[in-house]
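Take a look at this single chain, the form predicted alone, given in structure tokens.
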């Protein structure tokens, strides 16, 4: 009996050690996989902040004698490392300054939508009532609308400007936070620690600030991270459709729409901003997925 018990204990210990080693190996592989997209996102932020230093030229300056010049790796000159467009503007300078426009939009829209949506979601989930129901019915209606058509309609009404793009995306994106935070609060308000706080005489404001907000903070951070590539692509889409930033501002979407007629004989004009947009959007999604797995307590034990 003792021999059998010892054998079972040894097998259990071996299985535990094997599981621990597998978790360590899985964590290391996951960190290695997320490193490249993390570097892309860091580069995006650096390019956006230091655009004037990295590409000090004027993104709107034309060089008519150097129209559609190829990139340096395809037979071009080092003066224009990524080539020029149909009016001789330096694509490298425009791509870098386009990153600044996208970063400005993200830096305002994502925190602003998170703040407004969280407040609405917490109010609707905690207090409810007729006001909360009306707010959530509005959220349902907006989420049911085709997002890009809704944004284009607002852009056509308000006009093309960076301020209007930010306003449109704020109106568009806050509903995601409101819906998810409300669902979290509806679950949390039935938990024992919240009921105990109510029984102890805690005010609604104190409970929302001290009990609910810390418990939904991880959800807010994950949504914000996942919304970054969505906002970047949305801003580029509005610029591509002509209802985004004004024409004089270099944006990735504007560069792509201007390059459509030159794709067959000057591929770099569309490929350079398109590649930048694809890399940033894909990297943002990968980093967001990684952060969700890291902060989700149900998945934390896997890594």
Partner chain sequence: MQFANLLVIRLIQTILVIWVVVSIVFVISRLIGNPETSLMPWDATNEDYERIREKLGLNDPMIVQYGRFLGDALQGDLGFSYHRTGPALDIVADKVLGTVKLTAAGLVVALGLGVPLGVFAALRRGSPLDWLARLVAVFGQATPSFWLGLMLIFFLATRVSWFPTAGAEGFRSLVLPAIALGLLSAAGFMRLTRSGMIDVMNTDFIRTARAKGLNERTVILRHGLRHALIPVMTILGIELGRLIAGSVIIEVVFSWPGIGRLMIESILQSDYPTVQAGLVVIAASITLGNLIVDMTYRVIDPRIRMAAL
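The shown structure was predicted, so the numbers you read here are calculated from the model rather than taken from an experiment. Numbering follows the first chain given and starts at 1.
Form predicted together with the partner chain: not shown, discussed below.
A.B. asks: Within 4.5 Å, heavy atoms only, one stretch in 48-56, 34-42, 253-261, 64-72 touches the partner chain in the predicted bound form. Which?
C.D. replies: Heavy atoms within 4.5 Å of the partner chain in the predicted bound form occur in 253-261.
A.B. asks: So which of 156, 87, 115, 186 gets a non-hydrogen atom within 4.5 Å of the partner chain in the predicted bound form?
C.D. replies: Checked against the cut-off, the match is 156.
A.B. asks: Tell me, yes or no, whether residue 236 is in contact with the partner chain in the predicted bound form, where a contact means a heavy atom of each within 4.5 Å.
C.D. replies: Residue-level check for residue 236: yes, a contact with the partner chain.
A.B. asks: Quick one: is residue 277 in contact with the partner chain in the predicted bound form, heavy atoms, 4.5 Å cut-off?
C.D. replies: Because a heavy atom of residue 277 falls inside 4.5 Å of the partner chain in the predicted bound form, the answer is yes.
A.B. asks: Would you check, heavy atoms only and a 4.5 Å threshold, whether residue 152 touches the partner chain in the predicted bound form?
C.D. replies: Judged by the heavy-atom cut-off of 4.5 Å, residue 152 is in contact with the partner chain in the predicted bound form.
A.B. asks: Using the partner position in the predicted bound form, report whether residue 144 sits within 4.5 Å of the partner chain, counting heavy atoms only.
C.D. replies: Yes - in the predicted bound form, heavy atoms of residue 144 and the partner chain come within 4.5 Å of each other.
A.B. asks: Would all three of 194, 210 and 294 be in contact with the partner chain in the predicted bound form, where contact means some heavy atom lies within 4.5 Å?
C.D. replies: Spot residues vs the partner chain: no contact at all.
A.B. asks: Pull the contact list for 266-285: residues with a heavy atom within 4.5 Å of the partner chain in the predicted bound form, in sequence order.
C.D. replies: Those in contact are 267, 270, 271, 274, 275, 277, 278, 281, 282, 285.
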